[in-house]
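Presented as structure tokens, the chain that follows is alone, the form predicted alone.
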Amino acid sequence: MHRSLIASFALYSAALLLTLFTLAPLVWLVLMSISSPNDLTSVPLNWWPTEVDLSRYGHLVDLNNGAGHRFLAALRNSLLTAGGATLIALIVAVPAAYAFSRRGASLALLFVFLATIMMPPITYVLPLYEIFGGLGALNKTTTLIIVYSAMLLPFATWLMKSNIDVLPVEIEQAAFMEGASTAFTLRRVVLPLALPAIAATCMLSFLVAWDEFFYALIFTSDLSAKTLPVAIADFSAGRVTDYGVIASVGVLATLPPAILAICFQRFIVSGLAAGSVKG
């Protein structure tokens, strides 16, 4: 479809503004992480570092350093909780989505599931805190995995259902005519076709769990279970705050989800697009 010169200029200008708006905070975070304390506290502010300081990154990956120990422990906890919760949510969400899409499960139940993620998290904190406290399960990564799994399951189920809806049902019917069971059809027919959707759901679920702050703040108290969002807030505690260290932690914290997004980029785009149309 042919666009006028004005329309093309407006489109590319909007895309450029969106790119700048998205990348500017990340670029500034990187610049802060390599700037000296004098550059970060000078008035007027030095937008470009006078000297490059990479020592903070070395301290953060050194177990013998206090900051490094805190960061690596929180990184381990975040990987365990986000990865474990995503895995559990996908294992449950895929057959649940298939039941909603192909087996006539009540959509009212799906809407009830979705309603649970629309409620503010504060409504769940007190009962969950009492339950986990009574079980002696506070300040444990297992507790966060359970909470995150329950939080991710409605979202993952809904996203998987929208993608299974557009898969050709004739292929499944052919498998059933050959005597295949529902479990075999789901495992050997549906899942290979739904791989892009699974990758997209995995990525988005991991990001939600990776960035979660509120439950991690309430249910954890030390480095045995604290995740990165809470640990980053701890770096700002104290009488003197090193903004460069906080920026360095922020940069390193973006690497795991960024690497995951790059690895699954092709599947994510096709998986999200597949669920946007039907027929």
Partner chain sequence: MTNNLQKKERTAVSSNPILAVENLSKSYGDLRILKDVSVAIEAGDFLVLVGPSGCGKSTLLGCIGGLTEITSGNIQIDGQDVTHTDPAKRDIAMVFQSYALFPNMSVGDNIGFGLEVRKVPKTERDEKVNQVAELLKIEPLLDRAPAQLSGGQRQRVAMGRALVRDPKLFLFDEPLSNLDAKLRVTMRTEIKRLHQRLNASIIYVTHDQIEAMTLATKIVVMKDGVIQQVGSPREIYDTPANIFVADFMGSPAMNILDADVTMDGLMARVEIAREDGQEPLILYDTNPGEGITSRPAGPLKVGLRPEALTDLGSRSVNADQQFDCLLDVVEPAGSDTFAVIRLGGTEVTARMHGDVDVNSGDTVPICFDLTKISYFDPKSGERL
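Note that the structure is a prediction, hence the values are computed from the model and not measured. Residue numbers count along the first chain shown, from 1.
There is also a form predicted together with the partner chain; it is not shown, and the following applies to it.
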So in the predicted complex, does any heavy atom of I171 sit within 4.5 Å of the partner chain?
yes
Does the partner chain get within 4.5 angstroms of any non-hydrogen atom of A137 in the predicted complex?
no
If you check in the predicted complex, is G133 within 4.5 Å of the partner chain, heavy atoms only?
no
So in the predicted complex, does any heavy atom of L87 sit within 4.5 Å of the partner chain?
no
Between the options L80, L193, L72, V166, which residue brings a heavy atom to within 4.5 Å of the partner chain in the predicted complex?
L193
Can you tell me which residues in 177-201 come within 4.5 angstroms of the partner chain in the predicted complex, by heavy atoms?
M177, E178, G179, A180, F184, R188, V189, P192, L193
